[in-house]
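Below sits a lone chain in structure tokens, taken as the form predicted alone.
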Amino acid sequence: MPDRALDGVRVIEFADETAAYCGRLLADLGAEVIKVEPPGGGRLRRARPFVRGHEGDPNASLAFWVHNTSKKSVVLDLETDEGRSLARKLALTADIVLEDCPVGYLAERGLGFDTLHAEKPSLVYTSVTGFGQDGPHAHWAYSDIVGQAMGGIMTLAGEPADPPNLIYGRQADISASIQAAQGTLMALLYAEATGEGQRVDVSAQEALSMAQETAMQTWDFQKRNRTRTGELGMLPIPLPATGVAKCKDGYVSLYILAPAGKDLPALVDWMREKGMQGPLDDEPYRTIVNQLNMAWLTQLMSNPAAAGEILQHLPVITKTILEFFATMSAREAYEEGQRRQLLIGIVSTPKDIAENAQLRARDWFVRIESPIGGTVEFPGPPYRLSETPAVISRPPRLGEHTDEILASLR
């Protein structure tokens, strides 16, 4: 029995920013992922931040590390006959070719799907681009910010008064990579069963569609564009115990009106124990607190006259609750609130995550060798397989495996 789910699977990767995370997901599951890099390395090798004191070192980019664990690195110059010839030989040893080059780039160098598939029919060939392999935009320029804009999530992000917001991180690239990994594994399963490989064509614009949730359906059925709602959400009024609350040393996120936890009276019980319930035991606040949840509010909003009578009292309730959370640390608010089954989460900084008791108890963090020496602690895999767990090993140094891999081709 193999130790890992993808032991024995070989992937040749011609990928940089858009599909590198797909390769990492396969590599951490045990596939031998050989990353073909240009002389000097790709853009991620030069992306900030770097390990302190190693600025500019292509082996010390943290952006490269996080997308390229567990891989091997081979440097080949695809602009030379020798480089293209070696890349072709290498690709034909693979079960999977993964690439995120501009449409047609690899085909022009004898490394396209049609050419390689004709020589190896079982090959799975995954292409990850901004807009897919065909259509009027297939050759248009792409980067993550273009993907977020064209994928429809930028217009939904941020406060209504602000311009559309870019979501932190390369969310278009990450979404495309995750979808590419799923498609690749399905195609590999089919190839192993039938001997027939195929192309997996992933468009970042299409991969982001689920992140819009019901925005497209709102247009389809109501011909109405969903717009940014910011912190307020779908109800365009500030609600008590809903949203971000400032604590003494940070923030917590509250969603106590939602149905998944205890209701607002449980929070007021906690406040009362601390002598901070303020006017909430008095009318009209007592009656409102005892009824206030999302279902009641939704029903209330259908009656504008009744809603107006209630909504005028919500700011006092909100102010009293925010004053309560301002007296404690974020961790105290989170841990005691969760003990009481209230929907509260710390707005976690990286330091908070590094110190998170749940993640520590589950041994989520792993210690791996650093490409520049020593060891580093690294976030663990996004899933756990009980029999064939993912194992994260260090990202490769630029060209570290070139001699070893190319020697095997001769």
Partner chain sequence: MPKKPLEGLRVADFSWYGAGPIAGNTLSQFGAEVIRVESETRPDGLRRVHPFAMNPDGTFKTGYNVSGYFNNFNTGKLSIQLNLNVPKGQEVAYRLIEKCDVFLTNFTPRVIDKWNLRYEQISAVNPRIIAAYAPMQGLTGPHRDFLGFGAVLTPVTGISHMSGFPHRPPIGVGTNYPDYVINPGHTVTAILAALRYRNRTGKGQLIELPQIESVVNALGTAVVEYLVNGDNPGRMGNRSLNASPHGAFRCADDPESVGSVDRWVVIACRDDREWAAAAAALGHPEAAADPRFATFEARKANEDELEALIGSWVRDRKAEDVAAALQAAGVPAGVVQNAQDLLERDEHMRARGYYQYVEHPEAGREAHDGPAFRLSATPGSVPGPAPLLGEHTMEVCERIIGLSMDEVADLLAEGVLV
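Positions refer to the first chain, counted from 1. All values derive from a computational prediction rather than experimental measurement.
What comes next is about the form predicted together with its partner chain, which does not appear here.
Residue-level contacts in the predicted complex: of Gly230, Pro279, Pro102, Pro265, one residue has a heavy atom within 4.5 Å of its partner chain, and it is Gly230.
Contact with its partner chain in the predicted complex, judged by any heavy atom within 4.5 Å, is made by just one of Glu323, Glu192, Asp77, Glu309: Glu192. Taking the partner from elsewhere, Tyr334 is found to have a heavy atom lying within 4.5 Å of its partner chain in the predicted complex. Taking the partner from the other structure, its partner chain in the predicted complex has a heavy atom within 4.5 Å of a heavy atom of Leu6.
Not displayed here, its partner chain is kept clear of Lys72 by more than 4.5 Å at the level of heavy atoms in the predicted complex.
Contact annotation: Ala118 falls outside 4.5 Å of its partner chain in the predicted complex, judged by heavy atom distances. The stretch in contact with its partner chain in the predicted complex, judged by heavy atoms within 4.5 Å, is 165-173, chosen from 104-112, 165-173, 279-287, 77-85.
With contact defined as any non-hydrogen atom lying within 4.5 angstroms of its partner chain in the predicted complex, the contacting residues in 136-157 are Pro136, His137, Ala138, Trp140, Ala141, Tyr142, Ser143, Ile145, Val146, Ala149, Met150, Gly151, Gly152, Ile153, Met154, Thr155, Leu156, Ala157, given in sequence order. In the predicted complex, the CA atoms of Gly243 and Pro304 draw together by 3 angstroms or more relative to this form. Figure legend: C-alpha atoms of Tyr285 and Met301, shown here, are separated by at least 3 angstroms more in the predicted complex.
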